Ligand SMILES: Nc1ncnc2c1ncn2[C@@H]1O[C@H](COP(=O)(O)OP(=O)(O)OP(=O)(O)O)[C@@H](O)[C@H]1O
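Encoded as C-alpha cells, the following chain is the form predicted alone, with no partner shown.
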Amino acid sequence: MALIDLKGIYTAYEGGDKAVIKNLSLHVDQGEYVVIGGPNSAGKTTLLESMNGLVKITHGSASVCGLDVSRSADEVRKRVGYVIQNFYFDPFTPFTVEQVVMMGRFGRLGLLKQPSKQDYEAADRAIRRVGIEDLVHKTIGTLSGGQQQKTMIAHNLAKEPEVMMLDEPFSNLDFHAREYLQGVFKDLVRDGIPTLIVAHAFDGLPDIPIHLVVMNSGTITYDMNCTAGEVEDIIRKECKVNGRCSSR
C-alpha cells in the first residue's frame, strides 16, 4: 500500500519566484526504508517539507497517508513523524525531556484534553525505545546536541506515526548511537512504517533492502532498491554524472 504518492510535483517557497522541486514523482509503500542522498542544495530537505505541507506545492499531486497534502496539511502533520535538521533549544528552556516527548501526543489529544493512560504509555515506550530513560527529568536546554536529537526522535515516535521522516538525524551522534538508532528505525520498518532519512553519512545502515533516492537540482536522478553496502557508491556515481560529487 502506498503511503506516499507524489506525481509531477513542483514546489516553491513563499515569495520565491523559482521552483525548488521540479516535476518530481515518488512512490513509497508500507515498510520501506528510504535513504535520500545528494549534494547540498539538491532539494532533499525541501522534499520532506513538501510532503509535510510546509512548502507550497504549485503543480502536480501529493498524497501522504491517503490525504491530499495541499488540502489536508494539518492532518498529514498529525500522522507523520518529522525530525527537522538544526533545531535549537535555549539553555533556559524549562521543559523536561519527559514533557517534550509527551508533546508528541498533542496532535492526538486535541485542544484542552488531558493525557490519558494510553498517552503516558506511548510516551514511555518512545523514551525506552530511544534509550533516554536516564534523561526524563532533565530540562532539554541543558542536554548535549546528541541527547536533544534522541529526545526529538522520541517525541516523534510518541505520535505513533504512520510515516517517519528524519532530516540528518545522526549529525550529533557518535557511531554507537547511530547504530543503535538504525536498529530502532529498522524495527519501525518491520512494523510497516515507512521511514525516510535524509543523510550524508551511510555507515551502519541496516541489513535490509534500501529504497535509495538520489536528488540533484530539485529532481530525482536515481530511484531504485539496493543493498546497504551499495548506497554510498551509487550516490557518488550519481553526483559525478550530474557534475556535483559531494554527497553532503
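Because the structure is a prediction, the values reported are computed rather than measured. So that there is no doubt, residue numbering starts at 1 and follows the sequence shown.
Another form, the form predicted together with the named molecule, is not on view; read the next lines as being about it.
**Q** I'd like to know if T195 sits close to the named molecule in the predicted complex, meaning any non-hydrogen atom pair within 4.5 angstroms.
**A** No, T195 is distant from the partner.
**Q** Taking any heavy atom pair closer than or equal to 4.5 Å as contact, tell me whether T45 reaches the named molecule in the predicted complex.
**A** Yes - in the predicted complex, heavy atoms of T45 and the named molecule come within 4.5 Å of each other.
**Q** Even though the partner isn't displayed, in the predicted complex is Q118 close enough to the named molecule, meaning a heavy atom within 4.5 Å?
**A** Although the named molecule is absent here, Q118 would stay clear of it in the predicted complex, with no heavy atoms inside 4.5 Å.
**Q** Please tell me whether any heavy atom belonging to Q30 falls inside 4.5 Å of a heavy atom of the named molecule, as the geometry stands in the predicted complex.
**A** Although the named molecule is absent here, Q30 would stay clear of it in the predicted complex, with no heavy atoms inside 4.5 Å.
**Q** Select from the listed residues H200, K56, H211, K186 the one whose heavy atoms reach within 4.5 Å of the named molecule in the predicted complex.
**A** Going through each option in turn, the one that passes is H200.
**Q** Within 4.5 Å of the named molecule in the predicted complex: all of Y13, V20 and E168, by heavy atom?
**A** Yes, because Y13, V20 and E168 each have a heavy atom that approaches the named molecule to within 4.5 Å in the predicted complex.
**Q** Counting only non-hydrogen atoms, choose the one of 178 to 186, 45 to 53, 65 to 73, 201 to 209 that falls within 4.5 Å of the named molecule in the predicted complex.
**A** Looking at the other structure, the answer is 45 to 53.
**Q** Is any part of 218 to 235 within 4.5 angstroms of the named molecule in the predicted complex by a non-hydrogen atom, and which residues would that be?
**A** Contacts from 218 to 235: none.
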